[in-house]
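This document starts with one chain, in the form predicted on its own, laid out as C-alpha cells.
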C-alpha cells in the first residue's frame, strides 16, 4: 500500500442533498491523484427512514412499501439535480431497492437480522450516487462493496469484526485500485458474515468503518468530516460558550466518546491508536480550518468537557428474599446484561440492591426485566439523562445540577457522572 494513503469519512449530513454532494466533490478535488479511501454514510436521515420501513414490515401494517417509495423519490430527486433525468446511476439504485423489495415480499424474520438487511441499503445508495458524481467531475473513483471487505460474526445490529480476514481482504482489494490512481469509495456501518449475510456495526458506525480501513491499510491519517469545526468542549446545540479543542490524546478521546460525546463513534479510536494513526476532525462547511487533531503526543492539560447522553434508564435490582446482593447474584445479572446487549453507562451496588444506568434502545430494557423478574425485583426509571464532566470544576458541576433531581452520582479521578431527571416546577394555584 502507498505510505501516504489517507482515509476520509463523510457522514449523512455532509451528503444530505445535491448541494452537499457538490461540496464534498469540491473538498476532494484537492486530493486528486493522491491515494484516498472514502467512507460514506446514508444520506441525511435515511437510516431513520429505513428503520421506519422495517417497523412497518415487521408489524405487517401494509405501509412498508409506501414508506419505501418516499425514500426512492428522495434519492431520485437528488440524482435528477446532479445528473438530469438519464444516467446509469438510476439503474444501480433500482437494483439496490430490489434488495429491500424482495425482503418485503416475504414474512418477517428475526428483527435484528432484518434490520441489517434493510437498513444497510442506505449506505449502498449514497455511495453509488457519490461515486457517480465524483466520476462526472473528473475524479476517477471506484465503488467498492464494504461487505466484501469487512468480515464479521453473526451478531446482527452490533457485529464484531473478524480482524485477520478483514485486513487480508482490504489489502488485496484496495491496493490495486489506489495504485491505478483512483479513489476508493465504500460504505460505512456495514459488513457481512462468512455466509454473506449483511451485518451492521452499531448505530452511527461509519466512523468505526473508517478506523477499520485505516488500521488494515496502515493509513497515513484518517479524517472525519463533520458540521462542527472539530471536537468541542460540549455540544454547541446544548451549551453556550463552547470552545474547540485543537489537540486531543487518544486516551481523552476514548474517555469522552465512551461517556457519550457524539462527535466520534466510541469504537473508532482504539484501532487507529494501535497503529498510532492521527485522526483529524474537520468541518465540511469550512474545510480550510485546522479542526482537531487526535494523536498520542498531546499535552494532558484540558479544560472542562461535557458529554450528555439522553434516553437513559435506571434499573434498581434487588433480591426477592432476605439475602444480600452477593457475588453469585451479580454474576447472573451480568450474564443477562451481556445476553440482552444492554449498554451500561454507570453502576453501583449496596448490600441489598444493584443499580445500573443504561441506554434505552428498542425493547432491550423490557427484555432484560422480563428475564430477571423470576429471581429479582426490578424497578425502572425512564426519561433520564447522563451528564459526564471531564476535568470538572465544582461550580460547573453544581450549575448542571440546578433544577434537577440527581438519581446517581459518581466521581472518578478527573470525572464526575450525574444521572438526573427534571424537577417538576410547582406553580401556586
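Numbering follows the first chain given and starts at 1. Just so it is clear, the model here is predicted, and its values are computed rather than measured.
Omitted from view is the form predicted in complex with a small molecule, to which the following refers.
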(request) Look at the stretches 236 to 244, 81 to 89, 173 to 181, 136 to 144 and give the one with heavy atoms within 4.5 Å of the small molecule in the predicted complex. (result) 236 to 244
(message) So, residue 24 and the small molecule: in the predicted complex, are they within 4.5 Å at any heavy atom pair?
(response) no
(message) residue 416 versus the small molecule, in the predicted complex: is there a non-hydrogen atom within 4.5 Å?
(response) no
(message) I'd like to check something about residue 227: if you look in the predicted complex, is any of its heavy atoms closer than or equal to 4.5 Å to a heavy atom of the small molecule?
(response) yes
(request) Indicate whether the small molecule has at least one heavy atom within 4.5 Å of a heavy atom of residue 13 in the predicted complex. (result) yes
(request) State the residue from 232, 277, 293, 347 whose non-hydrogen atoms include one within 4.5 Å of the small molecule in the predicted complex. (result) 232
(request) Just give me the single entry in 313, 124, 261, 212 that has a non-hydrogen atom within 4.5 angstroms of the small molecule in the predicted complex. (result) 261
